[in-house]
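Just the one chain here, the form predicted on its own, laid out as structure tokens.
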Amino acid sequence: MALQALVFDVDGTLADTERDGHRPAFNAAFAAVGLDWHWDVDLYGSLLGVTGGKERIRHFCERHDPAFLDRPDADEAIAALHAAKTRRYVEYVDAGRIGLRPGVARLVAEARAAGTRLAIATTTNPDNVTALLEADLGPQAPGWFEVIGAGDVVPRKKPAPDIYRWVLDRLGLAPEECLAIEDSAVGLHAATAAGLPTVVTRSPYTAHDDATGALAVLADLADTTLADLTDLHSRAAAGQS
């Protein structure tokens, strides 16, 4: 099947958002309500094995502050922390602190010019996605992506394939007609479990992830064109990859 759509992950794929975006935004949200939690670079790296911000907070509590989960309002408190973190993150993006990874803007432009459809499949909050696209590609950029699957639109987060299946359903495409672009083993598992051929562009936090099953593993997209991705997809469809 011919390549019809590129489906991008966001955090670590479109931009290196985790270490210097989401992590300090979490810490700012914690400090604002008097919590003494602090997620340093290494701790946050270990927490990235859990997808979804609210799920990540809960996982941290289970291991480091279980008394927090005994609060009668624990669920509401976690949701409020995550909402505050999202506001901080959007502020950072709006301030120009988080740029796109090499090659992303060019690849998006090439896809639009060629009529290749664009979509997003991520566990991050929809507001995070919109802020990043508008800040780095312009105010019209969210509209370039035909489907944006983000946040809690599906109950199970990556590595479950649900978000990719949700996106495919709304694109009206078979998985073999798409190419996923991910940065992590978690994302790769989600995409391939949904049947999408997948390219991995490693990020600092995922440099040592197992990328078995990827069509290609790249440092970034700086030297990768739409023609290159189309060729990878074609060879995969022909059973040559």
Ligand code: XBP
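Every value quoted in this text rests on a predicted model; they were computed, and no experiment measured them. Note that residue numbering follows the sequence shown and begins at 1.
Below, we refer to the form predicted in complex with xylulose-1,5-bisphosphate (XBP), which is not included among the displayed structures.
Notebook entry, point to check: Do residue 52 and xylulose-1,5-bisphosphate (XBP) share at least one heavy atom pair within 4.5 Å in the predicted complex?
Noted result: Residue 52 belongs to the contact set for xylulose-1,5-bisphosphate (XBP).
Next item on the list: Using a 4.5 Å heavy atom cut-off, state whether residue 60 contacts xylulose-1,5-bisphosphate (XBP) in the predicted complex.
Entry: Residue 60: no contact with xylulose-1,5-bisphosphate (XBP) in the predicted complex.
Item checked: 4.5 Å heavy atom contact, residue 233 and xylulose-1,5-bisphosphate (XBP) in the predicted complex -> Result no; residue 233 lies far from xylulose-1,5-bisphosphate (XBP) in the predicted complex.
Next item on the list: Determine whether any heavy atom of residue 82 comes within 4.5 Å of a heavy atom of xylulose-1,5-bisphosphate (XBP) in the predicted complex, and answer yes or no.
Entry: Flag for residue 82 set to yes.
Notebook entry, point to check: For the chain shown here without its partner, which stretch in 99 to 107, 71 to 79, 137 to 145, 116 to 124 has non-hydrogen atoms within 4.5 angstroms of xylulose-1,5-bisphosphate (XBP) in the predicted complex?
Noted result: That would be stretch 116 to 124.
Checklist line | in the predicted complex, residues of 3 to 34 near xylulose-1,5-bisphosphate (XBP) [heavy atom within 4.5 Å] | finding: If the 4.5 Å heavy-atom criterion is applied to xylulose-1,5-bisphosphate (XBP) in the predicted complex, 3 to 34 yields 9, 10, 11, 18, 22, 26.
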